[in-house]
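One chain is shown next in structure tokens, namely the form predicted alone.
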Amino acid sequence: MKLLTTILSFGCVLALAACSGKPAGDAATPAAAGQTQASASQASTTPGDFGPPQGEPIHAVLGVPPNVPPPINRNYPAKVIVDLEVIEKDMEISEGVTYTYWTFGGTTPGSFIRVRQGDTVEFHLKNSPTSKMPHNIDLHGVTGPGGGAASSFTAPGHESQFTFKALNPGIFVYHCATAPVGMHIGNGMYGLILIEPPEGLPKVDHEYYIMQGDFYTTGKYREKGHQPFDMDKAIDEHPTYVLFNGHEGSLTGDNALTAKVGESVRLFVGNGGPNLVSSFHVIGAIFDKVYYEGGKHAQENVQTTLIPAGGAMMAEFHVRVPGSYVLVDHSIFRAFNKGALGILKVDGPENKAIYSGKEVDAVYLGDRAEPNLQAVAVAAQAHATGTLSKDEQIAAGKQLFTGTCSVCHQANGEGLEGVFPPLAKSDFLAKLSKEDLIGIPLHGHTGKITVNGKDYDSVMPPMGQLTDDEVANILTFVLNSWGNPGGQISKEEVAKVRAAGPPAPAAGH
């Protein structure tokens, strides 16, 4: 009771809220240190790994996502010093959308930590003087109360220190465990720590660091401007964004992962949550091995693997043909409508004996087919300053059209005869009022129409996922392309039509 009172006096129920580790004594006993080679192999240890640290202390090299520190090439346990600073900062969560992240090391996910089993880790957690909140750290690879959380509660402008023995090899999540725990994790406070086995990991050509997280904002998906955290959405588990490495587009365009044909790739993939389970999949690749739940056992020839919130896994595979391999959470609306999408771009010679087709069709990637959505960000900034021009709308609308509309209406606006009506030189569009034109993407359209003298009878679903400015930019692009009459649609005009709701159904229906 006295302990609980003490913890509450610091404003946090750390030991209760954090994830606790295994009892301290499991592997660090004298008997364990003197095992035979055979039994040591079964325990993924070697004799002497749990002895005192040897040599001079080592300052850990931390990895900035998606990069991983180099493998550990030593055959003895060392004292490893880890310095990690908590920084609260505003960053883009999507083009034209900012969010206040709470970070370990200035990034979401936080810095990648790599140590060796048997190392003695001296951990320094610093909380920037600019922070507004206290923070701590719970490392799932730590054996001790709260995974270190009970020893690392750190006020702004302060530093905490604790030491732990790295007893168990594997890939482990770490996260903040200061109350309210879910809010700290939901604001991006998570990362991975790798505890390598004494023999190290098999050599590969590339290692990458990916972490999924779900984010809860007051505004809808891609609604421009600064978006605060929404506690009600978080409690109800209704995320606005589901993202790899904290930001939409963090692993696409110029940020795509890279490899060459014939090379081997190891992915360290974690799931910070705070709520959702990840169904991680690389489209067009089969994992040779998946070390599920971050442990030492591997499953082979895996298509999709589950990663629980607060869990991690290692996947190894070879890339055998060139192309763009799409990384997704295969709860698929999260990928294409909430942002959980990345690209592994593989260069090299084709091998038609393995795969004879073309590279993945860019349209399949959604608007992330574009190298970067810079024009969208420019338009959002211009609108915020009141200087948005028609040309900026057209440029942004073109990029958005590529991913949202061109799969049906085609990149040249010609549509598909008998199926999808053309948008190019469309006499149908020319006859519509602004309100009716805006209503089509907002509310959808069903039934027969005649465009340029030809009949079409298909269904266009409502594109409710688009924000007001996205609808305005796409329509402005269409009106000013392919011989159409021109014109301009504003965000405010779209908002007015959205607020009015869909038209009443015709009599008899």
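Since we're looking at a predicted model, the values are computed, not measured. For every residue, the number given is its place in the sequence shown, counted from 1.
Below, we turn to the form predicted together with a small molecule, even though it does not appear here.
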At the 4.5 Å heavy atom threshold, is G273 in contact with the small molecule in the predicted complex?
no
Is I58 one of the residues lying within 4.5 Å of the small molecule in the predicted complex, judged by heavy atom distances?
no
Is L201 close enough to the small molecule in the predicted complex to count, meaning some heavy atom within 4.5 Å?
no
In the predicted complex, is there a heavy atom of the small molecule that lies within 4.5 Å of any heavy atom of F428, even though the partner is absent here?
yes
Given that the partner is absent here, state which listed stretch (403-411, 162-170, 175-183, 210-218) has heavy atoms within 4.5 Å of the small molecule in the predicted complex.
403-411
Identify whether the small molecule in the predicted complex is within 4.5 Å of every residue in the set K89, L125 and P156, based on non-hydrogen atoms.
no
Heavy atom within 4.5 Å of the small molecule in the predicted complex, from candidates G447, G51, P70, G464, belongs to G447
Interface check vs the small molecule in the predicted complex: of I286, I332, I235, V419, the one with a heavy atom inside 4.5 Å is V419
